[in-house]
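Have a look below at one chain only, the form predicted alone, in C-alpha coordinates format.
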(Lines give C-alpha, C1' and ligand atoms only; values in the text may rest on other atoms or scores of the structure.)
Protein backbone atom coordinates (compact mmCIF):
# COMPACT_ATOMS: atom_id res chain seq x y z
CA UNK A 1 0.00 0.00 0.00
CA UNK A 2 1.70 3.20 -1.12
CA UNK A 3 1.85 6.01 1.40
CA UNK A 4 0.02 9.26 0.82
CA UNK A 5 1.76 12.51 1.66
CA UNK A 6 0.49 15.62 3.42
CA UNK A 7 -0.41 18.47 1.05
CA UNK A 8 -0.82 16.00 -1.80
CA UNK A 9 -3.92 16.52 -4.00
CA UNK A 10 -5.56 13.31 -5.17
CA UNK A 11 -8.69 12.30 -7.07
CA UNK A 12 -11.20 9.98 -5.40
CA UNK A 13 -14.63 8.50 -5.93
CA UNK A 14 -16.70 8.80 -2.75
CA UNK A 15 -18.49 5.57 -1.92
CA UNK A 16 -20.20 6.25 1.41
CA UNK A 17 -20.49 8.52 4.45
CA UNK A 18 -18.63 7.76 7.66
CA UNK A 19 -20.26 8.30 11.04
CA UNK A 20 -19.83 12.03 11.59
CA UNK A 21 -20.68 12.96 8.01
CA UNK A 22 -17.37 12.77 6.14
CA UNK A 23 -17.21 11.19 2.71
CA UNK A 24 -15.26 7.93 2.40
CA UNK A 25 -13.14 7.10 -0.63
CA UNK A 26 -10.36 4.61 -1.33
CA UNK A 27 -7.22 4.99 -3.39
CA UNK A 28 -6.29 2.45 -6.06
CA UNK A 29 -3.97 0.87 -3.47
CA UNK A 30 -6.86 0.47 -0.99
CA UNK A 31 -6.03 3.31 1.41
CA UNK A 32 -9.16 4.77 3.07
CA UNK A 33 -9.47 8.54 2.82
CA UNK A 34 -12.03 10.61 4.77
CA UNK A 35 -13.00 13.81 2.93
CA UNK A 36 -14.86 16.67 4.63
CA UNK A 37 -18.05 17.81 2.83
CA UNK A 38 -17.87 15.11 0.13
CA UNK A 39 -20.94 13.04 -0.76
CA UNK A 40 -21.42 9.44 -1.94
CA UNK A 41 -21.40 9.31 -5.73
CA UNK A 42 -19.12 12.32 -6.18
CA UNK A 43 -15.77 12.26 -7.95
CA UNK A 44 -13.59 14.78 -6.10
CA UNK A 45 -10.12 16.20 -5.85
CA UNK A 46 -9.00 16.40 -2.22
CA UNK A 47 -6.05 17.85 -0.32
CA UNK A 48 -4.46 15.42 2.17
CA UNK A 49 -3.87 17.06 5.56
CA UNK A 50 -3.38 14.06 7.86
CA UNK A 51 -1.88 10.64 7.17
CA UNK A 52 -2.12 7.64 9.50
CA UNK A 53 -1.07 4.03 9.02
CA UNK A 54 -4.49 2.80 7.86
CA UNK A 55 -6.26 5.96 6.69
CA UNK A 56 -5.85 9.58 5.68
CA UNK A 57 -7.95 12.73 6.11
CA UNK A 58 -8.48 15.33 3.41
CA UNK A 59 -10.26 18.57 2.57
CA UNK A 60 -12.47 18.88 -0.46
CA UNK A 61 -10.83 20.94 -3.22
CA UNK A 62 -13.25 20.47 -6.12
CA UNK A 63 -16.20 18.32 -7.12
CA UNK A 64 -15.27 16.81 -10.48
CA UNK A 65 -18.53 14.84 -10.89
CA UNK A 66 -21.75 15.47 -9.04
CA UNK A 67 -23.65 12.85 -7.05
CA UNK A 68 -27.14 11.85 -8.23
CA UNK A 69 -28.28 12.33 -4.63
CA UNK A 70 -27.20 15.96 -4.27
CA UNK A 71 -29.75 18.53 -3.20
CA UNK A 72 -29.76 22.31 -3.20
CA UNK A 73 -29.06 23.54 0.36
CA UNK A 74 -31.89 25.64 1.71
CA UNK A 75 -29.87 27.77 4.15
CA UNK A 76 -27.69 30.72 3.19
CA UNK A 77 -25.21 29.70 5.93
CA UNK A 78 -24.69 26.15 4.67
CA UNK A 79 -21.03 25.21 4.58
CA UNK A 80 -20.08 27.77 7.25
CA UNK A 81 -22.43 26.92 10.13
CA UNK A 82 -21.55 23.91 12.24
CA UNK A 83 -25.13 22.59 12.21
CA UNK A 84 -26.56 21.03 9.03
CA UNK A 85 -23.62 19.22 7.43
CA UNK A 86 -25.84 17.07 5.18
CA UNK A 87 -28.30 19.63 3.86
CA UNK A 88 -26.86 19.14 0.33
CA UNK A 89 -27.77 15.41 0.37
CA UNK A 90 -31.38 14.49 -0.38
CA UNK A 91 -33.30 13.08 2.57
CA UNK A 92 -33.81 9.58 1.18
CA UNK A 93 -30.04 9.25 0.74
CA UNK A 94 -29.45 10.61 4.25
CA UNK A 95 -31.59 7.81 5.67
CA UNK A 96 -29.81 5.19 3.58
CA UNK A 97 -26.37 6.36 4.67
CA UNK A 98 -27.36 6.56 8.36
CA UNK A 99 -28.73 3.02 8.24
CA UNK A 100 -25.46 1.82 6.69
CA UNK A 101 -23.49 3.59 9.44
CA UNK A 102 -25.45 1.78 12.15
CA UNK A 103 -24.87 -1.61 10.50
CA UNK A 104 -21.19 -0.87 9.95
CA UNK A 105 -20.67 0.18 13.59
CA UNK A 106 -22.37 -2.98 14.86
CA UNK A 107 -20.34 -5.13 12.48
CA UNK A 108 -16.94 -3.51 12.95
CA UNK A 109 -17.04 -2.51 16.63
CA UNK A 110 -19.51 -5.04 18.00
CA UNK A 111 -18.63 -8.08 15.92
CA UNK A 112 -22.28 -8.61 14.87
CA UNK A 113 -21.49 -9.60 11.30
CA UNK A 114 -24.80 -11.13 10.25
CA UNK A 115 -27.13 -8.80 12.15
CA UNK A 116 -30.00 -7.26 10.18
CA UNK A 117 -31.41 -3.90 11.23
CA UNK A 118 -34.80 -2.39 10.47
CA UNK A 119 -35.05 0.40 7.85
CA UNK A 120 -34.49 3.84 9.35
CA UNK A 121 -37.72 5.49 10.46
CA UNK A 122 -37.73 9.06 9.11
CA UNK A 123 -38.42 12.19 11.12
CA UNK A 124 -42.02 13.42 10.68
CA UNK A 125 -40.55 16.81 9.78
CA UNK A 126 -37.24 17.44 8.07
CA UNK A 127 -37.32 21.22 8.63
CA UNK A 128 -38.80 23.15 11.53
CA UNK A 129 -38.40 20.09 13.77
CA UNK A 130 -36.24 21.46 16.60
CA UNK A 131 -38.19 22.53 19.70
CA UNK A 132 -35.07 23.96 21.37
CA UNK A 133 -32.30 26.24 20.10
CA UNK A 134 -29.30 27.58 22.00
CA UNK A 135 -28.02 30.74 20.35
CA UNK A 136 -24.59 32.07 21.38
CA UNK A 137 -23.58 35.67 21.93
CA UNK A 138 -20.03 36.48 20.91
CA UNK A 139 -17.54 39.31 20.63
CA UNK A 140 -15.64 37.66 17.76
CA UNK A 141 -18.05 37.80 14.85
CA UNK A 142 -17.42 35.48 11.93
CA UNK A 143 -17.65 37.42 8.68
CA UNK A 144 -19.48 35.76 5.82
CA UNK A 145 -17.88 35.71 2.34
CA UNK A 146 -20.12 38.63 1.33
CA UNK A 147 -19.09 40.64 4.41
CA UNK A 148 -15.42 39.88 3.74
CA UNK A 149 -15.75 41.72 0.43
CA UNK A 150 -16.51 44.91 2.35
CA UNK A 151 -15.74 44.42 6.06
CA UNK A 152 -16.10 48.12 6.79
CA UNK A 153 -19.80 47.84 5.99
CA UNK A 154 -20.40 45.48 8.94
CA UNK A 155 -21.91 47.76 11.62
CA UNK A 156 -20.51 45.99 14.68
CA UNK A 157 -17.79 43.41 14.23
CA UNK A 158 -17.60 43.00 18.01
CA UNK A 159 -21.13 41.64 18.32
CA UNK A 160 -22.77 38.47 17.08
CA UNK A 161 -25.72 36.31 18.08
CA UNK A 162 -26.31 32.97 16.42
CA UNK A 163 -24.40 29.70 16.13
CA UNK A 164 -20.74 28.78 15.88
CA UNK A 165 -19.00 28.33 12.55
CA UNK A 166 -17.79 24.78 12.06
CA UNK A 167 -14.75 24.13 14.24
CA UNK A 168 -14.69 27.73 15.57
CA UNK A 169 -16.16 27.50 19.08
CA UNK A 170 -14.77 30.92 20.08
CA UNK A 171 -16.37 32.75 17.13
CA UNK A 172 -20.03 33.50 16.45
CA UNK A 173 -21.86 33.33 13.14
CA UNK A 174 -24.40 36.18 13.22
CA UNK A 175 -27.44 34.25 11.98
CA UNK A 176 -29.67 35.60 9.27
CA UNK A 177 -31.72 32.40 9.03
CA UNK A 178 -32.00 28.83 10.29
CA UNK A 179 -34.53 26.28 9.07
CA UNK A 180 -34.31 23.76 11.91
CA UNK A 181 -36.57 25.50 14.49
CA UNK A 182 -40.05 26.94 14.01
CA UNK A 183 -40.08 30.43 12.42
CA UNK A 184 -41.01 32.12 15.73
CA UNK A 185 -37.73 30.97 17.27
CA UNK A 186 -35.83 32.85 14.58
CA UNK A 187 -38.05 35.91 14.98
CA UNK A 188 -37.29 36.02 18.70
CA UNK A 189 -33.58 35.61 18.04
CA UNK A 190 -33.54 38.42 15.46
CA UNK A 191 -35.35 40.75 17.87
CA UNK A 192 -32.72 40.04 20.52
CA UNK A 193 -29.98 40.67 17.93
CA UNK A 194 -31.46 44.08 17.23
CA UNK A 195 -31.98 45.05 20.89
CA UNK A 196 -28.74 43.77 22.41
CA UNK A 197 -26.51 45.07 19.60
CA UNK A 198 -27.37 48.59 20.85
CA UNK A 199 -26.94 47.64 24.53
CA UNK A 200 -24.24 49.06 26.78
CA UNK A 201 -23.45 45.57 28.13
CA UNK A 202 -21.07 43.64 25.89
CA UNK A 203 -21.22 40.00 24.75
CA UNK A 204 -19.11 37.47 26.58
CA UNK A 205 -15.50 36.94 25.52
CA UNK A 206 -14.86 33.19 25.68
CA UNK A 207 -11.09 33.67 25.73
CA UNK A 208 -10.73 36.63 28.08
CA UNK A 209 -13.79 35.63 30.19
CA UNK A 210 -15.16 39.15 30.26
CA UNK A 211 -18.48 40.56 29.10
CA UNK A 212 -22.11 39.97 29.98
CA UNK A 213 -24.42 38.38 27.36
CA UNK A 214 -23.70 34.63 26.95
CA UNK A 215 -26.58 32.58 25.50
CA UNK A 216 -30.21 32.83 24.41
CA UNK A 217 -32.21 29.61 24.72
CA UNK A 218 -35.61 29.39 23.03
CA UNK A 219 -37.88 26.36 23.65
CA UNK A 220 -41.22 25.52 22.06
CA UNK A 221 -44.03 23.35 23.37
CA UNK A 222 -45.03 22.00 19.95
CA UNK A 223 -48.25 20.37 21.16
CA UNK A 224 -49.19 23.11 23.66
CA UNK A 225 -48.15 26.28 21.80
CA UNK A 226 -46.16 27.48 24.82
CA UNK A 227 -42.77 29.22 24.44
CA UNK A 228 -39.90 29.65 26.90
CA UNK A 229 -37.00 32.09 26.60
CA UNK A 230 -33.96 31.77 28.87
CA UNK A 231 -31.41 34.61 28.86
CA UNK A 232 -28.04 33.44 30.13
CA UNK A 233 -25.50 36.03 31.27
CA UNK A 234 -22.39 36.38 33.38
CA UNK A 235 -22.63 37.55 36.98
CA UNK A 236 -22.19 41.30 36.56
CA UNK A 237 -24.62 42.80 39.12
CA UNK A 238 -25.41 45.97 37.16
CA UNK A 239 -26.74 43.93 34.22
CA UNK A 240 -29.94 42.70 35.90
CA UNK A 241 -31.90 45.75 34.86
CA UNK A 242 -30.80 45.29 31.25
CA UNK A 243 -32.13 41.71 31.27
CA UNK A 244 -35.45 42.79 32.77
CA UNK A 245 -35.81 45.46 30.11
CA UNK A 246 -35.07 42.93 27.38
CA UNK A 247 -37.63 40.51 28.86
CA UNK A 248 -40.31 43.19 28.83
CA UNK A 249 -39.58 44.09 25.22
CA UNK A 250 -39.72 40.45 24.15
CA UNK A 251 -43.02 39.81 25.90
CA UNK A 252 -44.53 42.92 24.30
CA UNK A 253 -43.29 41.92 20.84
CA UNK A 254 -44.20 38.22 21.11
CA UNK A 255 -47.35 37.50 23.19
CA UNK A 256 -46.91 33.74 22.50
CA UNK A 257 -43.94 33.71 24.90
CA UNK A 258 -45.36 32.22 28.09
CA UNK A 259 -42.29 32.37 30.32
CA UNK A 260 -38.94 34.17 30.42
CA UNK A 261 -36.13 33.30 32.82
CA UNK A 262 -32.70 34.73 33.58
CA UNK A 263 -29.84 32.34 34.32
CA UNK A 264 -26.56 33.61 35.76
CA UNK A 265 -23.39 31.67 34.98
CA UNK A 266 -20.00 32.16 36.63
CA UNK A 267 -18.42 29.23 34.80
CA UNK A 268 -15.65 29.76 32.27
CA UNK A 269 -16.86 26.77 30.26
CA UNK A 270 -18.80 27.77 27.16
CA UNK A 271 -22.03 25.91 27.96
CA UNK A 272 -25.58 27.21 28.23
CA UNK A 273 -26.15 26.56 31.90
CA UNK A 274 -25.64 28.37 35.20
CA UNK A 275 -25.78 28.38 38.96
CA UNK A 276 -28.60 30.83 39.64
CA UNK A 277 -31.96 31.24 37.95
CA UNK A 278 -34.76 33.76 38.36
CA UNK A 279 -38.16 33.92 36.70
CA UNK A 280 -38.98 37.21 34.98
CA UNK A 281 -42.22 36.35 33.14
CA UNK A 282 -44.71 33.52 33.64
CA UNK A 283 -44.37 30.33 35.72
CA UNK A 284 -40.74 29.53 34.83
CA UNK A 285 -41.53 26.46 32.72
CA UNK A 286 -43.55 25.28 29.73
CA UNK A 287 -45.44 22.05 29.16
CA UNK A 288 -45.33 19.58 26.29
CA UNK A 289 -47.50 16.57 25.45
CA UNK A 290 -46.11 13.24 24.26
CA UNK A 291 -48.00 9.97 24.02
CA UNK A 292 -51.06 11.40 25.76
CA UNK A 293 -49.06 12.59 28.79
CA UNK A 294 -48.08 16.11 29.82
CA UNK A 295 -44.48 16.94 30.73
CA UNK A 296 -43.24 20.05 32.48
CA UNK A 297 -40.04 21.46 30.95
CA UNK A 298 -37.91 23.90 32.92
CA UNK A 299 -34.99 25.83 31.33
CA UNK A 300 -32.40 23.21 32.36
CA UNK A 301 -34.54 20.09 31.86
CA UNK A 302 -33.54 17.55 29.23
CA UNK A 303 -36.25 16.89 26.68
CA UNK A 304 -35.83 15.44 23.19
CA UNK A 305 -35.42 18.32 20.75
CA UNK A 306 -37.57 16.76 18.00
CA UNK A 307 -41.08 16.33 19.40
CA UNK A 308 -42.46 14.24 16.51
CA UNK A 309 -39.31 12.13 16.38
CA UNK A 310 -39.46 11.75 20.16
CA UNK A 311 -42.90 10.17 19.86
CA UNK A 312 -41.53 7.65 17.33
CA UNK A 313 -38.56 6.90 19.56
CA UNK A 314 -40.58 6.33 22.72
CA UNK A 315 -43.34 4.46 20.91
CA UNK A 316 -40.66 2.05 19.68
CA UNK A 317 -39.09 1.69 23.13
CA UNK A 318 -42.46 0.98 24.76
CA UNK A 319 -43.30 -1.58 22.07
CA UNK A 320 -39.95 -3.36 22.48
CA UNK A 321 -40.51 -3.64 26.24
CA UNK A 322 -43.42 -6.04 25.59
CA UNK A 323 -45.31 -5.02 28.74
CA UNK A 324 -48.45 -6.87 29.82
CA UNK A 325 -49.32 -4.93 32.98
CA UNK A 326 -47.45 -6.79 35.71
CA UNK A 327 -43.76 -6.16 34.97
CA UNK A 328 -41.25 -4.24 37.07
CA UNK A 329 -39.25 -1.85 34.87
CA UNK A 330 -35.93 -0.22 35.70
CA UNK A 331 -35.42 2.96 33.66
CA UNK A 332 -31.71 3.73 33.98
CA UNK A 333 -30.72 7.29 32.99
CA UNK A 334 -34.40 8.21 33.24
CA UNK A 335 -33.90 11.98 32.97
CA UNK A 336 -37.19 13.78 33.55
CA UNK A 337 -39.06 10.47 33.43
CA UNK A 338 -40.46 10.52 29.90
CA UNK A 339 -39.95 6.86 28.99
CA UNK A 340 -40.67 5.69 32.53
CA UNK A 341 -44.02 7.45 32.67
CA UNK A 342 -45.04 6.29 29.20
CA UNK A 343 -44.37 2.70 30.29
CA UNK A 344 -46.03 3.04 33.71
CA UNK A 345 -49.59 2.59 32.42
CA UNK A 346 -48.61 -0.79 30.92
CA UNK A 347 -46.39 -2.02 33.78
CA UNK A 348 -46.82 -3.06 37.37
CA UNK A 349 -44.10 -0.75 38.66
CA UNK A 350 -41.44 1.54 37.19
CA UNK A 351 -38.26 2.62 38.97
CA UNK A 352 -36.34 5.52 37.40
CA UNK A 353 -32.68 6.03 38.23
CA UNK A 354 -30.96 9.35 37.48
CA UNK A 355 -27.86 11.06 38.87
CA UNK A 356 -28.96 14.65 38.03
CA UNK A 357 -30.97 15.91 41.01
CA UNK A 358 -33.09 18.56 39.17
CA UNK A 359 -34.11 15.90 36.62
CA UNK A 360 -35.34 13.63 39.43
CA UNK A 361 -37.40 16.50 40.81
CA UNK A 362 -38.89 17.13 37.34
CA UNK A 363 -39.66 13.41 36.91
CA UNK A 364 -41.47 13.31 40.24
CA UNK A 365 -43.47 16.42 39.33
CA UNK A 366 -44.36 14.91 35.94
CA UNK A 367 -45.63 11.74 37.62
CA UNK A 368 -47.94 13.78 39.86
CA UNK A 369 -49.00 15.98 36.94
CA UNK A 370 -50.27 12.89 35.10
CA UNK A 371 -51.71 11.11 38.14
CA UNK A 372 -49.24 8.22 37.88
CA UNK A 373 -48.74 6.41 41.17
CA UNK A 374 -46.73 3.33 40.18
CA UNK A 375 -43.52 5.17 39.22
CA UNK A 376 -40.80 6.28 41.61
CA UNK A 377 -37.54 8.04 40.92
CA UNK A 378 -34.22 7.57 42.66
CA UNK A 379 -31.31 10.01 42.60
CA UNK A 380 -27.87 8.45 42.33
CA UNK A 381 -25.22 6.85 40.16
CA UNK A 382 -26.66 3.76 38.49
CA UNK A 383 -23.46 1.71 38.77
CA UNK A 384 -23.15 2.36 42.50
CA UNK A 385 -26.85 1.76 43.16
CA UNK A 386 -27.09 -1.50 41.19
CA UNK A 387 -23.72 -3.03 42.00
CA UNK A 388 -25.29 -4.80 44.99
CA UNK A 389 -27.97 -6.37 42.78
CA UNK A 390 -31.65 -5.62 42.09
CA UNK A 391 -32.11 -3.49 45.22
CA UNK A 392 -35.55 -2.26 44.07
CA UNK A 393 -36.90 -5.73 43.34
CA UNK A 394 -36.14 -8.08 40.46
CA UNK A 395 -36.61 -6.23 37.14
CA UNK A 396 -38.42 -7.86 34.25
CA UNK A 397 -37.39 -5.09 31.83
CA UNK A 398 -34.44 -2.69 31.93
CA UNK A 399 -34.42 0.48 29.85
CA UNK A 400 -31.04 2.08 29.15
CA UNK A 401 -30.86 5.59 27.69
CA UNK A 402 -27.28 6.72 28.37
CA UNK A 403 -25.52 9.88 27.17
CA UNK A 404 -23.48 9.89 23.97
CA UNK A 405 -20.47 8.33 25.72
CA UNK A 406 -22.50 5.16 26.39
CA UNK A 407 -22.40 2.94 29.47
CA UNK A 408 -19.65 3.06 32.07
CA UNK A 409 -17.60 -0.16 31.74
CA UNK A 410 -18.67 -1.25 35.23
CA UNK A 411 -22.34 -0.76 34.36
CA UNK A 412 -21.95 -2.97 31.27
CA UNK A 413 -20.95 -5.74 33.66
CA UNK A 414 -23.63 -5.00 36.26
CA UNK A 415 -26.68 -4.84 33.97
CA UNK A 416 -26.63 -8.52 32.86
CA UNK A 417 -26.42 -9.69 36.50
CA UNK A 418 -29.83 -8.17 37.29
CA UNK A 419 -31.57 -10.94 35.36
CA UNK A 420 -34.12 -8.96 33.35
CA UNK A 421 -35.84 -10.88 30.55
CA UNK A 422 -35.60 -7.86 28.23
CA UNK A 423 -33.25 -4.90 27.87
CA UNK A 424 -34.34 -1.93 25.76
CA UNK A 425 -31.33 0.19 24.86
CA UNK A 426 -31.99 3.70 23.49
CA UNK A 427 -28.80 5.12 21.96
CA UNK A 428 -27.76 8.37 20.29
CA UNK A 429 -24.34 7.04 19.24
CA UNK A 430 -23.96 3.84 17.16
CA UNK A 431 -20.26 3.50 18.01
CA UNK A 432 -20.72 3.38 21.79
CA UNK A 433 -23.89 1.32 21.31
CA UNK A 434 -21.89 -1.35 19.46
CA UNK A 435 -19.26 -1.60 22.19
CA UNK A 436 -21.91 -1.80 24.94
CA UNK A 437 -23.97 -4.44 23.12
CA UNK A 438 -20.88 -6.57 22.51
CA UNK A 439 -20.19 -6.91 26.23
CA UNK A 440 -23.82 -7.36 27.26
CA UNK A 441 -24.24 -10.10 24.65
CA UNK A 442 -21.23 -11.92 26.07
CA UNK A 443 -23.30 -12.35 29.25
CA UNK A 444 -26.33 -14.40 28.16
CA UNK A 445 -28.19 -11.85 26.03
CA UNK A 446 -28.81 -11.69 22.31
CA UNK A 447 -30.01 -8.91 20.01
CA UNK A 448 -33.57 -9.36 18.83
CA UNK A 449 -34.28 -6.06 17.02
CA UNK A 450 -32.45 -2.86 16.06
CA UNK A 451 -34.59 0.09 14.96
CA UNK A 452 -32.73 3.25 13.80
CA UNK A 453 -34.77 6.46 14.01
CA UNK A 454 -33.74 9.76 12.43
CA UNK A 455 -34.27 12.50 15.01
CA UNK A 456 -31.92 15.03 13.41
CA UNK A 457 -32.37 15.45 9.64
CA UNK A 458 -29.48 17.12 7.76
CA UNK A 459 -27.02 16.26 10.55
CA UNK A 460 -24.83 13.15 10.95
CA UNK A 461 -26.67 12.02 14.11
CA UNK A 462 -28.90 8.93 14.32
CA UNK A 463 -30.78 7.31 17.22
CA UNK A 464 -31.30 3.57 17.70
CA UNK A 465 -33.62 1.49 19.83
CA UNK A 466 -32.32 -2.04 20.41
CA UNK A 467 -34.12 -4.97 22.04
CA UNK A 468 -32.01 -7.59 23.81
CA UNK A 469 -33.53 -10.76 25.23
CA UNK A 470 -32.01 -13.12 27.76
CA UNK A 471 -30.74 -16.35 26.22
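Residue numbers count along the first chain shown, from 1. Computed from a predicted model, the values in this text were never measured in an experiment.
Below, we turn to the form predicted together with a small molecule, even though it does not appear here.
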- Query: Heavy atoms within 4.5 Å of the small molecule in the predicted bound form: does residue 102 have any?
  - Reply: no
- Query: Could you tell me if residue 354 has a non-hydrogen atom within 4.5 Å of the small molecule in the predicted bound form?
  - Reply: yes
- Query: Contact between residue 254 and the small molecule in the predicted bound form at 4.5 Å, heavy atoms?
  - Reply: no
- Taking the shortest heavy atom distance, is residue 349 within 4.5 Å of the small molecule in the predicted bound form? no
- Message: Within 4.5 Å, heavy atoms only, one stretch in 275-283, 137-145, 378-386, 316-324 touches the small molecule in the predicted bound form. Which?
- Response: 378-386
- Note on the structure: Heavy atom within 4.5 Å of the small molecule in the predicted bound form, from candidates 232, 329, 334, 341, belongs to 334
- Tell me, which of 91, 78, 392, 302 has a heavy atom within 4.5 angstroms of the small molecule in the predicted bound form? 302
